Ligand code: BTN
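Given as C-alpha cells, the chain that follows is alone and in the form predicted alone.
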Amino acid sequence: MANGQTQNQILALLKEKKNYVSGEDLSRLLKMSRAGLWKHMQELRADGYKIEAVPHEGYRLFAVPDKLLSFEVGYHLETQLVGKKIIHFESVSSTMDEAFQLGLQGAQEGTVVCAETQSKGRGRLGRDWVSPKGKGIYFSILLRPESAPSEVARITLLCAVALCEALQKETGLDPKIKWPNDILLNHKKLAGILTEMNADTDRIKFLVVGIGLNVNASRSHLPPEATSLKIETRQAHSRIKLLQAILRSLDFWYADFKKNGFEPAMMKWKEYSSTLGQRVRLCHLKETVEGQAIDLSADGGLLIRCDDGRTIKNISGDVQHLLS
C-alpha cells in the first residue's frame, strides 16, 4: 500500500472519530504493525499535522496544516467532476505548466493542480503573478469541453462567475469582475484567471484554467494595485475551506454550461460586472480607442461604443477603466 494512501486512511479515521483512537485499533484497521503506524504518524507530523499521542488513550488529530494538501482539499469535497483528482506541490514554476503537461499526457478532466507558491506564476498578456508562499490560492484545472476554440472566452467568464459566487458565500464580501478575468474588491485586484488551450482548428482538445487568489497576503507581499482577503477583512481565512468552495462553484457552473449553454453564466456575469456601463480605454494591437462598455456578446466579447460612433467587439485586448 502506498504511503500516501495509507496516511490518507489514517487521517480519515482520526477525523471521523474526533477523539482518541487507540494505536491497537488503528493497526488492526490498517493491517499494519504498531511500528509501521508510528512511522506514518511521524511523517504526517512532518507535513504539519498536529497529532497528539497519549499512553493508554491513543492518537488524536487536533490541527491540520494551513496547506492545500490533496487529502485536505478533497476531504468531503463532493463534486461531480472538478477536483476528483488533486495534485499538490510545495513549489512549482507555474501550476499552468504542470496542468498543461498533464493535459498532453491524457489526464482526466477536472484534475486540479495546486501549489503553495509559484516561481514563475503568470497572468494574462504575459504579466507576472506574485505568489507569496502559503499566502494565496494558486491552482489550475484541466477541462475537456466539447467546444470550438471560439468558445474559450465563455469558459473564462463562467470561471469568474464561479469564483465571485464562492467568495461572496464564504466571506460576505461583494467582489466584482473587471472584463474579462480580474476579480476586484474596492477597485483593487484580488484574483486573476488565465485560460490556455490545446486545440485543433474546429475543436478544443483541452483547456487549462488557472486561478490566483490573494488570501492572507499583507500589503508588503503584493503590488500596489492588488489587495487580499486579509487586508479587506482584517482577519485570516482558511485557504482549504476557500478552495473547496471555489471548486464546488466551478463544478456547478461548468456542469450548467454543458447542460444549458452560456446564457445563465452570462446573466450572472453581468450582475458581477464592474466594467459594463463604464468608460473604458481599449488597447489592442496598434489601436487605442475610448468609449463606453455597453454589453457582453454571445461569445463572451466586450461590446464597446467608441467615441467616434463605432461599436466594436473586444475579445483579447487590454481594457482599462477610466474616470467618467
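Position 1 is the first residue in the sequence shown; the rest follow in order. Keep in mind that this is a model prediction, so the values were computed, not measured.
Not pictured, yet referred to below: the form predicted in complex with this ligand.
Remark: Val73 does not count among the residues lining this ligand in the predicted complex, judged by a heavy atom distance of 4.5 Å or less. Looking at Ile211, you'd find a heavy atom of it within 4.5 angstroms of this ligand in the predicted complex.
When contacts are judged by a 4.5 Å heavy atom cut-off, Lys120 counts as touching this ligand in the predicted complex. In the predicted complex, no heavy atom of Glu151 sits within 4.5 Å of this ligand. Within 4.5 Å of this ligand in the predicted complex, a heavy atom is found for every one of Met96, Phe139 and Gly192.
Here is the short version: of Glu170, Glu232, Asp251, Asp182, the single residue with a heavy atom within 4.5 Å of this ligand in the predicted complex is Asp182. Here the chain stands alone, but in the predicted complex its contact with this ligand, taken as any heavy atom within 4.5 Å, falls in 193-201 among 193-201, 142-150, 76-84, 99-107.
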